[in-house]
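Okay, here we've got a single chain as structure tokens, the form predicted alone, with questions on binding and movement later.
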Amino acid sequence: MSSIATLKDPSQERQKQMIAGHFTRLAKAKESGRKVVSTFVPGNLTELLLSFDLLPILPEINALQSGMRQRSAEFIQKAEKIGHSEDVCAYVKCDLGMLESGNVGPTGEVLPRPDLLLLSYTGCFTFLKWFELLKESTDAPVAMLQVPYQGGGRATPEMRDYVVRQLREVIIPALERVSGKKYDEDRLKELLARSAKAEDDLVWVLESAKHRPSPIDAYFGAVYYVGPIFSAFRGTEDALHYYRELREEVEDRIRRKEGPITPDGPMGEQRFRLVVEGPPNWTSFREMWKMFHSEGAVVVASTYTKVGGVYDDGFRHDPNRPLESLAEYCLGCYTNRNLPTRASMIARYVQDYHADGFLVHSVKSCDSFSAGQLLILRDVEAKTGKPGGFFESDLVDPRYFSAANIKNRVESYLQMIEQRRSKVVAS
């Protein structure tokens, strides 16, 4: 994801170059003869696409990049002028507005229209409507993988087999038609083996936040960490090198007992350890991060860093079971899990990472995350005995970001934690 920080670790510079290079390859796809597949972050089948030499393009990444570049407001307004409601997901309106405005990506180059729309996760109903609109705009064919919701709290063998059958009978044939190549399972296995190694390093980095002081911020800082593995690089040598370098940097910070690098420099004293539920706000990302680190609050675990894959519960892409592994990945996406499962995950983070409390960031236009969050908050409070907090904004629509309101809520919440500590000491 695009950098906003003035101070960067070497791995962040590498990541910035990787993502810029990918957008350049997308811009030159037509002249190089590469085919482009539009897909989403949750449940993405990156290794399968790369095994066909197809380039993935992700509409959510386009939208959040636009938000960080302060372009999303104009794109959203353009989408609303052509008839899209204010209540529609801001990602959708931003992406459609960008498409209507020339489809210029973050490197200043025009992005290509997709050759295929691959909907590989159906847990978000908005994704279905989003691709309907993209089909109207691009006239690209659609391949849809129906992924059962984990309503009972777990993925069953029958669910996995249902997804595998669709991969064989629907998705792979569609990719063969678009690419003009036959399915090569040996190549897919090589990509999945690299994915598993990168996932090992990512999990190690995220779990390093159990240290005191935490060497990372597992929300604001970690959105950079998950960028390559959540987008176009899972299964690549680039991802292997990036996550190895990132891990070495974090290991070095642990040895020196240092905290994370923030946009304003190295973080100072860590007075509060928090868990955060929900996506960040991208249009005011740096400002929002400062509200936390300036108060000595470090995020030690978050749910957003699991939206593209929950790896810390043991899942890894398995080259010995290629299609079954991809199916289990799609089924295990964070927002494909029911509310009790999500609440239990957050409660485990609060306990395992010795957090002082947890905050819910409710996003106005994202029902996948926000529906049921107050129930989750009360459940986690009951499970952990730790206080929960709640604040609201949006993903990329700056009209719904109130800096003063959020700052007041965060500061009040931290003061409440401090008061509770004082009472415990006094008693």
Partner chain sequence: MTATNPGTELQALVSRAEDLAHDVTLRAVREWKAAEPSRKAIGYMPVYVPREIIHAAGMLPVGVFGAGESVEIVKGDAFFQSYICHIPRSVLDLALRGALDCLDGMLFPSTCDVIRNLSGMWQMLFPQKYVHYIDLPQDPSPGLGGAFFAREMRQIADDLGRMGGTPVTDGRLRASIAAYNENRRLVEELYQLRRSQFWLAPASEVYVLLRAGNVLPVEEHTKLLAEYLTLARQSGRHPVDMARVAIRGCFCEQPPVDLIRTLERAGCTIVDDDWLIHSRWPRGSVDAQGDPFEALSSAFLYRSPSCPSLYRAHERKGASLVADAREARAEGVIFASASFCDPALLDQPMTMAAVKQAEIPCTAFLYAENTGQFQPIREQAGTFADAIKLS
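Residue numbers count along the first chain shown, from 1. Since we're looking at a predicted model, the values are computed, not measured.
Heads up, the form predicted together with the partner chain isn't pictured, but that's what we're talking about next.
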Legend entry - the partner chain in the predicted complex: contacted by all of S85, V88 and L374, heavy atom 4.5 Å: yes
Legend entry - Heavy atom within 4.5 Å of the partner chain in the predicted complex - the one residue of Y349, Y121, Y242, F220 that qualifies: Y121
Legend entry - Option touching the partner chain, based on a heavy atom within 4.5 Å in the predicted complex, out of D186, E237, D139, D313: D139
Inset, instruction - Report yes if any heavy atom of S362 sits within 4.5 Å of a heavy atom of the partner chain in the predicted complex; otherwise report no. - result: yes
Legend entry - Contact label in the predicted complex: S368 to the partner chain, heavy atom within 4.5 Å: yes
Legend entry - Distance check, R165 to the partner chain in the predicted complex, heavy atom within 4.5 Å: yes
Legend entry - the partner chain contact in the predicted complex: K129, any heavy atom under 4.5 Å: yes
Inset, instruction - Look at the stretches 206 to 214, 316 to 324, 252 to 260, 129 to 137 and give the one with heavy atoms within 4.5 Å of the partner chain in the predicted complex. - result: 129 to 137
Inset, instruction - Check each residue of 321 to 360 against the partner chain in the predicted complex and list those with a heavy atom within 4.5 Å, in sequence order. - result: T335, N338, L339, P340, R342, A343
